[in-house]
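In the block that follows, a single chain appears as structure tokens, in the form predicted on its own.
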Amino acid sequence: MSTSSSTRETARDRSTASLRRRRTPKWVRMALLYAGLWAAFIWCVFPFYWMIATSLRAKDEIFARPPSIVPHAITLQNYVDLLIGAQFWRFALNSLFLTLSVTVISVLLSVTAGYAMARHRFKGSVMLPLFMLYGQMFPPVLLLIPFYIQLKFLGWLDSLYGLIPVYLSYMLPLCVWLMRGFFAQVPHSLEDAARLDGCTRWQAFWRVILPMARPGIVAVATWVMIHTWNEFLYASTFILSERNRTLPLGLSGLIGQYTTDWGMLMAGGVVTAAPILLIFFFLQKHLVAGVGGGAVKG
């Protein structure tokens, strides 16, 4: 028995040693990991680089074959044509008006509604958030005809004001759901302590609860701004005149049936994406902050 057991142990040791010898070295695994990360990074970043590079090329170089990765001669003529020759600023102002209006209304309504759902219990308080999210199950294209009929009945077709309730209808439910989750994580004891110190319900909400929910407010506002700034489907359906076009709709006018001004189109894409990148740059610390961290600091 002892001989057989020692034989099994020896065989097991040999198999373990062979597995160790066959194990991939650490530097090989790290090299493969970094190679995969760099490949994913290039895959994600290259379209943006190509957009910027195309916007800086001369028109004859854009159609050169084979295409070059780096522009031979950098020119800003595409940006000049976009910002001066086209109606870019009218489209930008229309998008800015829509984005600010929808964002402010969404934040105000989602903060108040989310706080009420998180702090108060009423009939249907459990089913109401779920019912609000049911609207997110339908694709936006399915709501085109009902929205079109309603806007036509109200006389809001081809109007920027008509797009505001359309955008709110499918953005607000998710915003309320998110804010409800943020307010639900804030301990009730902090609000009760503020009430014991003499604060009214509004003062406790404004001075204690709202600062702790700042990451949620920033996240909701950022999400609404991005979707409103880039929205194309509803704007292309309900906006008929050129003077009321938004930026995505205005840039789509550069795509013709027989020809496309790719240089100006790419320049418009760069200028349109710049505000979103700036928003992420300045608000990134708020986006990654948690409600728990705010409670500790407060």
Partner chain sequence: MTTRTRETTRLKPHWSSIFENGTGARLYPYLMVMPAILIAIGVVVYPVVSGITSAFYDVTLRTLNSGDMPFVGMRNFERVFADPNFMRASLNTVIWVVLNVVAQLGLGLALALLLHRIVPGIGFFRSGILVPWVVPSVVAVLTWRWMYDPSVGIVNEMLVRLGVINDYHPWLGDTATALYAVTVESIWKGTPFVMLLLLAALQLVPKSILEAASMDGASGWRMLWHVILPQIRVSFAIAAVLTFILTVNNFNAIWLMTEGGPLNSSEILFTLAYKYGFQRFDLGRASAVATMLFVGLVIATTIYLKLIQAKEAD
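Since the structure is predicted, the reported quantities are computational estimates derived from the model, not experimental observations. Numbering follows the first chain given and starts at 1.
From this point on, the text means the form predicted together with the partner chain, which you will not see here.
- Of the listed positions (97, 131, 161, 89), a single one reaches within 4.5 angstroms of the partner chain by any non-hydrogen atom in the predicted complex, namely 131.
- Shown alone here, residue 56 lies farther than 4.5 Å from the partner chain in the predicted complex, counting heavy atoms only.
- Contact annotation for residue 75: none of its heavy atoms lies within 4.5 Å of the partner chain in the predicted complex.
- Within this chain, residue 84 is remote from the site of the partner chain in the predicted complex, having no heavy atom within 4.5 Å.
- Within 4.5 Å of some heavy atom of the partner chain in the predicted complex lies at least one heavy atom of residue 139.
- Taking the partner chain as it sits in the predicted complex, the stretch 250-282 comes within 4.5 angstroms of it through a non-hydrogen atom at 251, 252, 255, 262, 265, 266, 269, 272, 273, 276, 277, 280, 281.
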